[in-house]
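Next up is one chain by itself, shown in structure tokens, the form predicted on its own.
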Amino acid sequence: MTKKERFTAALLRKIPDRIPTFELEFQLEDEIFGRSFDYSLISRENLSSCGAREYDKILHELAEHNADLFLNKLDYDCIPLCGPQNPDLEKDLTEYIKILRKLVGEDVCMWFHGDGTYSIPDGNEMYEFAYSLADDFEGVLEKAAQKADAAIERNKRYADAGVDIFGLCSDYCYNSGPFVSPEMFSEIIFPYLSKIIEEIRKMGCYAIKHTDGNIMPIIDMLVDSNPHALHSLDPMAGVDIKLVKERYGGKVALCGNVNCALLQTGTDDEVRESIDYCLTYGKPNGGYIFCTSNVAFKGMPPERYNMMLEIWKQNRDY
């Protein structure tokens, strides 16, 4: 199978030739490979000051770097389009996506951010958001609709450039549960998440819904919003891939569940146990994509990530 056939087969809950893998982000280039791309070059300020030849050179170098990193060095089945998510860079990122698509061809999936729903507010915005729920609920709904519509239009432009997988990365949950009640979630997030996913499907693209934390109080709504897959099935919040696969594996594909906390601070035996658990309960009957329970983040010991990939290679074939 091609990488794209393998990845999309898993998203469609079919059994590919082997378990595919990818990460939403990979932040260990220096630690594992001794070099990384200078992402400071991908800034509006820098790109605006470049001449046409230098501008084209930077975007081509980024595309060549990421194609080599993700397809050759890491053997991922989907390329995450790493780089700043600044809206001011949309024109530049669209051009980069076109260059990368031409470089890798049509047999590889390319992933990009596509969410437009409310997520956990940061500390500076939490009180304001809570007050708005009480004092201006209609305004909250109006903003939710605007955010979703903006995401849909943006996703269309990225799909036209070559993106075929959209990661919906608004985080909804703490380890204790969602940041709003399930009832509130059903009003201010679920309808708009469903609309975004519906439009992604209409374009012939795929949707992976990501959120960390304990998703169990809202998992029925997450599944009913009709994504192709759920990511990250956070074991640090008590999300059990065995249970989720048993209950929902016939409706949605699953991504992740390798415990990031153990990858960073656990013993080798604990890491192997987490990996084995994911493969044992995620792999059967297809519909599983192997990855961490968050991202391959800076600070994670590189030897642990290498060990994770090596165990995957030994057990990935169907």
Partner chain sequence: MGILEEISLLLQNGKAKQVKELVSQALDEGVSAEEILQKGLLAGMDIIGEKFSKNEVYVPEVLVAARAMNWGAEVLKPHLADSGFKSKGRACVGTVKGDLHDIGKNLVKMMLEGKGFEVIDLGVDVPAEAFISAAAEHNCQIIACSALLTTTMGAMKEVVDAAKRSGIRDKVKILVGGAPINKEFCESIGADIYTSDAASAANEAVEALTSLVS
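Numbering follows the first chain given and starts at 1. From a predicted model like this one, the values you see are computed outputs, not experimental measurements.
Separately, the form predicted together with the partner chain exists; it is not shown, and the next lines address it.
Asks: Closest heavy atom of residue 243 to the partner chain in the model of the complex, within 4.5 Å or not?
Replies: It does not: once the partner chain is placed as it appears in the model of the complex, residue 243 has no heavy atom within 4.5 Å of it.
Asks: So, in the model of the complex, is residue 298 in contact with the partner chain at a 4.5 angstroms heavy atom limit?
Replies: Residue 298 belongs to the contact set for the partner chain.
Asks: If you check in the model of the complex, is residue 180 within 4.5 Å of the partner chain, heavy atoms only?
Replies: Contact check for residue 180: yes, within 4.5 Å of the partner chain in the model of the complex.
Asks: With the partner left out of view, is residue 248 within 4.5 angstroms of the partner chain in the model of the complex by any non-hydrogen atom?
Replies: Residue 248 lies outside the contact set for the partner chain.
Asks: Just one of 69 to 77, 193 to 201, 96 to 104, 119 to 127 has residues with a heavy atom within 4.5 Å of the partner chain in the model of the complex, so point it out.
Replies: Residues of 119 to 127 come within 4.5 Å of the partner.
Asks: Given that the partner chain is left out here, which of 43, 264, 36, 280 has a heavy atom within 4.5 Å of it in the model of the complex?
Replies: Comparing distances to the partner chain in the model of the complex, the residue within 4.5 Å is 264.
Asks: Just to confirm, with a 4.5 Å cut-off on non-hydrogen atoms, which of 133, 223, 141, 89 contacts the partner chain in the model of the complex?
Replies: Selected option: 133.
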